[in-house]
Each structure stands twice: as C-alpha cells, then as structure tokens.
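Given next are two forms of a protein chain, the same chain in both, each as structure tokens and marked structure 1 or structure 2.
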Structure 1
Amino acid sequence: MPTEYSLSEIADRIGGEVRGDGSIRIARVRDLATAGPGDLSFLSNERYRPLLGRTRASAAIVGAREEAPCATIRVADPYLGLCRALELFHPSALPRAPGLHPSAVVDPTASVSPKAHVGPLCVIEARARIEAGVVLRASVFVGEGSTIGEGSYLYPGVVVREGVRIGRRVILHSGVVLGGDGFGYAREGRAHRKIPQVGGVGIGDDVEIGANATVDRGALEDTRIGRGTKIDNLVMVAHNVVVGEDCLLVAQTGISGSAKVGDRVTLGGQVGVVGHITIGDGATAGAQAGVTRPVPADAVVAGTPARAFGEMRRVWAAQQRLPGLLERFAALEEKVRALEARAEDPGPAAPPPSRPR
C-alpha cells in the first residue's frame, strides 16, 4: 500500500471534489495548526476558521462552498471526509493472525473457530462460542455459554461473563465488563438480601464500547444494546436497560435499571437517567443533564432536573441575574421596613388649635 497519494486519488476515495492542483502528493493528515508541506488538513468547526487562512498545509478538506489559500477537497461533511482520509492513511491494524496461544485456557466444550485469534492468558469457559475473525487480546475472559460474533475485537483485560451474546464486528476496549450482576437487593429486616440476577446481556452488531464501561446482566430478562450504538469510556448501563440502535452514550453517563432508550439517542457526558423511564427516538440530553422523567422523541433537554433546552436556557439566564436581584430585593426589604416603622410611629401629636377670645 502506498505511503503517499495524490490529492485527486484522495478525493476519489473520500467522495470529494478537488479545487487546485490535484497532482499534489500527500503523505499524512494533520491539524491546521501543525500541518506543513505534504500534509492534508481539514476544517469542520467554525472556531478554527482563522487557522485555515494561515495554515501551511498543502491541501485541506473543507465544506462544499469553502474557500482556502491552499488546494482543497470539497465535501458535504468535512468531518466525515476526515474520517475517510484517516482510514486511507491508517488502515486498520486490528487483524491478528489466527491461532491459539499456548498459555490460553479453553474448556473442551467451548467452540473456537480456527480463524479466530486467542491471545496469551485468555480463558474461555464451557460452551462458549468464538466465531471466525474474532480477536481476543491478552487476558480476555469469556464466561460459560457466551457467544462472540464474527469479526469482533476484544482488547486486553475485557471480561465477558456467562450468558452474554455479542454480535458481529463489536469492539470492546480494555476494562469493559459485560454481564456483571445488576444492583438488586430486597430489604430483609435491617439487612439487604441479594436478588439473583439470572438474565444475560445482548450486544448488537457494530457496537463499540469504551474502556472501563460496564453493562450489567438483567435480573430476569437480558440487558440489550442495539446495533451500531457507540458507548464511551466509563459509562454504566444497569440491569434490564434497553438501548436502541445508533445511539451515542458519552463518558460517565449512567443509566439506571429498566430504563428504555430509543434509537439514535445522544446522552452527553455525565448524564444521569433514572430507572423505569423511556427516552424517545432521536432525543438528546446535554452534558450533566439529570433525566428524571420521560423524554419525547426528538426532544433536546438539559439541566437537572432535565427540561426542554429552550426553557433551560431561560433558567440559566435567570441564574446569572440572581446576585443582582438579591441585592435589589435586600434594598427593597430595607425600604419596606422603614415605611412600616414610620406607619407604626407617627411622631408627637400636634397641639390643639387655640380658641378665639
């Protein structure tokens, strides 16, 4: 595979239109601030527009009507264009040679495809199934009866507990735990009695889950993550939660038990969702939102407790005025007290009028 491409070749690969010299040779992709000759850069965020005017890059990926001092590749979505260009210059290094490392421990009843890669110190328990093209890096644990679908890639230290079903082309980063016990207890006198968590976990095709994220097993039924959903680092999905397709769950988000999240939902960083509510298809919750009640489809909510974004903006604006309003309120209180004091104490009585003699 070549280490360089002409600008025209790149445009053809990413579906763009060249403006300028299409024969320019491009060796790598860099940001606007650090790019130099032979580099391809991009503009996808308006705040970086000033950098485009002074970049030293040989070319840039830009929007359909964007002008630049260098050659450009015009595309409908520059960020998607960047993604495709990076895939061109940095083809996936994920595949590993098939085979079973001598230090791996595989139960005789497990089914491991000869086209799978099982790395050092992996453990695969009874009746687990590892399909073709799966890569298990070092120290991956696969529990009893679990299934990992074709082409999935598990980084070192992933734990897949018993009864977990993972679809095809799933990526699990280090520290992911699928199928840990849900947090369920019944009160027994002064103690908490553990409720057995006998459900499983179902992960759809093309899901990616970031480092140290957890998806708990269901109490009775499976916890489910829909096809194409992407989960960031340090996300917590509790038991019996159902997450739809093509969702984005951003870092440190927590979803409480039995909540239902529709398709194409975005939950920003540190969003908290209470249990037993539904978030409709296409909804968005801004960072640090506390979602305490159902959210309609396509709604945008923010704040704690979460409310419609427009309403929350008015709340935030009012909060900025609170210090001044409190000062004015205190001054008004002083004036009221002074008026009340004057009304209660009218002063010395006037002398009676003199009588004529």
Structure 2
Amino acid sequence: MPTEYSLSEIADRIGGEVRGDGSIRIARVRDLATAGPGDLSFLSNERYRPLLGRTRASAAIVGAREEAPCATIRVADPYLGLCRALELFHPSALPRAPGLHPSAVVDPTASVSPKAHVGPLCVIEARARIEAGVVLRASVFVGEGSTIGEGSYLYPGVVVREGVRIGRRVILHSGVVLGGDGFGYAREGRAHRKIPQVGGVGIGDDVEIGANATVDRGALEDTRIGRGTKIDNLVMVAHNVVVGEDCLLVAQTGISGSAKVGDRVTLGGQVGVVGHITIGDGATAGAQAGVTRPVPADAVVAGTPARAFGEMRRVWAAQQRLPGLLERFAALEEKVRALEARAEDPGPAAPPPSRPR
C-alpha cells in the first residue's frame, strides 16, 4: 500500500508553492494523460501543455505563473520538482537486508562488509572488497581484487572483472560489463597478435551505467569514468578512454580508444567518437554524430563527419535542395551556352527579327 502525502507536505519537500487546496491527499505520481483523482502530475515539456488543460489529476507540479484546472505546486524547475516528489513516494531502489545468500560463492580472502547485501548466485573472487551498504542483487560477478564502494547497487547479471575500482553510490544495471579486455592487436604478418590489456577501470562516485553497456579495461593505464557521469544502455567505452564528470552518454554511443571526454559533455544516442581525440568541457554532440576531430569546449556538433551544429543544419537544409539544384544548374549551363553562342554570333538574334530597329 503506497504512502499518502498532502499536497502541502509535498510542496514543502520539493520546495514549491501550493496554489489551491493544500490538504488534498496524493497517493501517487502519474503522467498528465493517465493521472486521475488522487494523483499528482507534472508539466515539464511544452509538447504536453495541451494535456494540462484537460488532465484529471488532482494536482500538478508546474512552472512559475502556470495556470491549470487543478491544484498546482509551482516550482522553478518542474522536472526537478517531479524528481523530488518521486523520491518521496519511492525512497530508493528495492531495499535489501544485509547478509550473504547461501548460494553466493565468496572467496575467503574477499572482504565483504557485514552491511552489504550479497544476493543469490553471486561470485566474489579473491581479495575483492565490498563496502557497507552495497547491494549485489543476483548472479553478480566481482573479480579478483576489485572494489565496490559504499552504497553502490549492482543489478542482476553485472560482471566486474579483476582490477576494477568502483566508487560510492554507483548504479550498474543488468548486463553491464566492466573491465573486458580492450580491442588491441599488433599486426604480425597477416595476423593480429593480442596486446595484453593490463590496465584497470576506475568508476567515480555517483556514476550510473545502463543495461548491457561495456567499459573496457585500459591497455596499460586505467579507463576512467568521472564522478556523476551517467551512461545509458548499450554504450561502449573503449580502453584508455577518460570521461570527465557529470557527462551524459546516451544509448548506443561508442567512444574509441584513448579519447578524452571533458566534464559536462553530452553525447546523444548512437554517437561515435574516434580514438585519441579530446572533447572539451561542456560540449554536445547530436545523436548519430560521427566525431572525427577534437571538439572545443562548449561546442555543439552534429552530423558525420561532425561539425558545428549551425553549419551542419545549413548543410542538411541545402542537401534537400540538391536534386533541384542539379536541374537548375543544367538549365543554367544551357542558358550560358546559348549566351556564349549568341555572343560569338549575335547574327539574326540581336536584334530579334520581331523587333523594330
């Protein structure tokens, strides 16, 4: 049975101002289209404004000066308000009692905090360290000597290879693989000879990594993901990559070996970044961009090969006109040919016969 809060209590917790009846009881949060009586909803995307006018929700979190047919909580940033309201109703991921499930296979030399939860069928290898408050849900693998910092939460099926250091409050979703060997080979005649990948992986505090994403271990040094960076599903981070703090790497993006990504960088979905380049702090690459050259700080790039977004947008617009341009071009060439011919031989055409001299 979900907890209920009054609208005023919620407003207090999320730092907003109630318009309407603050005593309304709220049992849950739903989106504008599906919310009904007893529900709290929200408007944070202009696209959905028409839904606000006809929502059946009892209340909604909205921006300053927003009018609605229901009670509202006005906040500066409705999306952040939603976030805080949801934290109130859903205080955390499924909590787990501390302790080791009897089916887990834990090496005697591993150090597992008595305040950690180790679920069924987990494997913890020699000298690994699992700190207080860590949750390993089920079938999680932690390799030799790897460490999982306080309060981190690993969903079923995560693989952490040997030599990986994970910070505090890190969330790893199912199927994440940290510390797989980097893709490094030396040519030897026609064959590719594997270069031992002996670096590790370092994951900062408050990082979250989505389902089936992979972060390879470094060849010599560590591959590193900075504090607060969020990585979406099926992203690939290659060996020796260094990603800064508070970045967003959207789904299916790939970063090639030894690339350096600054702080607060956003890479849209399916972006590819070539190896050994630097992406400056605060830069953004649009979805599907192919980033082949260094990107300056705060730049916004798009397309393949990626260039400044404004430029790329003009190229895209121009491309649409390209087939027509080719036709007009051929017509213009014809006209110029005619003009040239006339210039060579102004003869009867200049002046035209129908025109009195």
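Please read these numbers as outputs of a predicted model, since none were measured by experiment. Each residue is numbered by where it sits in the sequence of structure 1, with counting from 1. Heads up, when I say rigid core I mean the largest set of C-alphas that superpose within 1.5 Å between the two forms.
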| query | finding |
| --- | --- |
| Assignment: the form predicted in complex with another copy of the chain | 2 |
| Core-aligned C-alpha movement of R337 between structure 1 and structure 2, 2 Å or more | yes |
